[in-house]
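First comes one chain, alone, set out as structure tokens in the form predicted alone.
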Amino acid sequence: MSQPFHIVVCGSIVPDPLQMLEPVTGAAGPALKNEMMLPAVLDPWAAHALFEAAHLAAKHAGSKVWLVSLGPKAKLQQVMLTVAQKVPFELVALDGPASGFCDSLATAQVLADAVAGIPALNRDRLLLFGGWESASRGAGSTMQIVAERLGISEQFQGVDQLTVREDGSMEILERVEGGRHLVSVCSAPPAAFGWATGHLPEPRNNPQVGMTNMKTIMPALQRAKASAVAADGLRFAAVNVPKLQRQTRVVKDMPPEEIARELVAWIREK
């Protein structure tokens, strides 16, 4: 008989990656130009984690999914109108910065406190999900710190697949070098998973799911706790857009050996 899971997904909002992002230095430090005017989406890595969580919860009766999200309340509301139609979850909203220049330690402390404060959460059945990386907070350490602060020692990063066995243990595929996977087995919760891309497609919009979710999302946004993410001691010397460099030379009838020699010489120079 399968046991229910309590799955908490940590995921923030990020500017739409199709937009032109220009870093600037303001009075409070580095930021993005017109950041509050940019359209936002749920972080792609966190979205994979959310879809995997909903899929797992649907296969195990009695399971529940929470989405803990830190970001400006107005932006969270815009994004949740779309995300709510994908999969069922309960939102835990935190009103605070979603900038990629926030310190991962301070961010993790706020998220861990929010997870610990979920009233109905059963720590013995807890699966902590999140993105292995992030489109804004790409430090690669946030989820690990959240798990440590919650006392979760079983952690798996770069996860592509999670399978629950008949005996209740979990088989995990983690990415390693060389395009291969490390196969690990976790006997039981609690455990933390930093998801890569997963293997599930994005769910279709379901208006009925959206209407059900919005009954809890709007109250959650209204009571969103203001969360200041301190950056004591964190300083940025400069922020710049990566420079574009393109040198094109069109040559006809060049032998492959000569092309290879030029490529090797160019690589050695770099």
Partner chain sequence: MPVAASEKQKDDLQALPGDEVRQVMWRFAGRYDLQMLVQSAREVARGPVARLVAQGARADHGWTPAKNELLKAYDESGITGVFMDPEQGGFIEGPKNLALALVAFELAWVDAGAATGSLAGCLALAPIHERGTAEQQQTYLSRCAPAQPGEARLPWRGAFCLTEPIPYVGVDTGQLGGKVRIVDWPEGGEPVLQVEKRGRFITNMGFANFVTAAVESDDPRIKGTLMVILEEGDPGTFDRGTPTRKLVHQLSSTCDPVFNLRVPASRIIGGYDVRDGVIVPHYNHSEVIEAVFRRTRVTVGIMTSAKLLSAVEPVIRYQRSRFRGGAATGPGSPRYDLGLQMKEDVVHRLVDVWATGEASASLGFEAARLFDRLDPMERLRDRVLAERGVGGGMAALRARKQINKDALAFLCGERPELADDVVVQTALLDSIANVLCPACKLWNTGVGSRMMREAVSLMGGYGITEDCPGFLGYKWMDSQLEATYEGPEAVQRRQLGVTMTDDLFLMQFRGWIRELRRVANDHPGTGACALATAMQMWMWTLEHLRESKDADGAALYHSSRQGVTFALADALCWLLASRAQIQDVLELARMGPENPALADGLPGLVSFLTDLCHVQSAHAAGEVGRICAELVFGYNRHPRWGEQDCAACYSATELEAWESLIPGIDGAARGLTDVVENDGSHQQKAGPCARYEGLEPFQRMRTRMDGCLTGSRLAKDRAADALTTVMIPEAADYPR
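Numbering follows the first chain given and starts at 1. Bear in mind the structure is a predicted one, so any value in this text is a computation, not a measurement.
There is another form of the same protein, the form predicted together with the partner chain; it is not shown, and what comes next is about it.
- Only one listed stretch (179-187, 192-200, 74-82, 151-159) carries heavy atoms within 4.5 Å of the partner chain in the predicted complex, and that stretch is 74-82.
- Shown here without its partner, the chain carries P23, L38 and K215, all of which come within 4.5 Å of the partner chain in the predicted complex through at least one heavy atom.
- Remark: K33 counts among the residues lining the partner chain in the predicted complex, judged by a heavy atom distance of 4.5 Å or less.
- Among residues of the shown chain, A58 is not one whose heavy atoms approach the partner chain to within 4.5 Å in the predicted complex.
- Interface residue remark: R223 is not counted as part of the site for the partner chain in the predicted complex, having no heavy atom within 4.5 Å.
- In the predicted complex, at least one heavy atom of L18 sits within 4.5 Å of a heavy atom of the partner chain.
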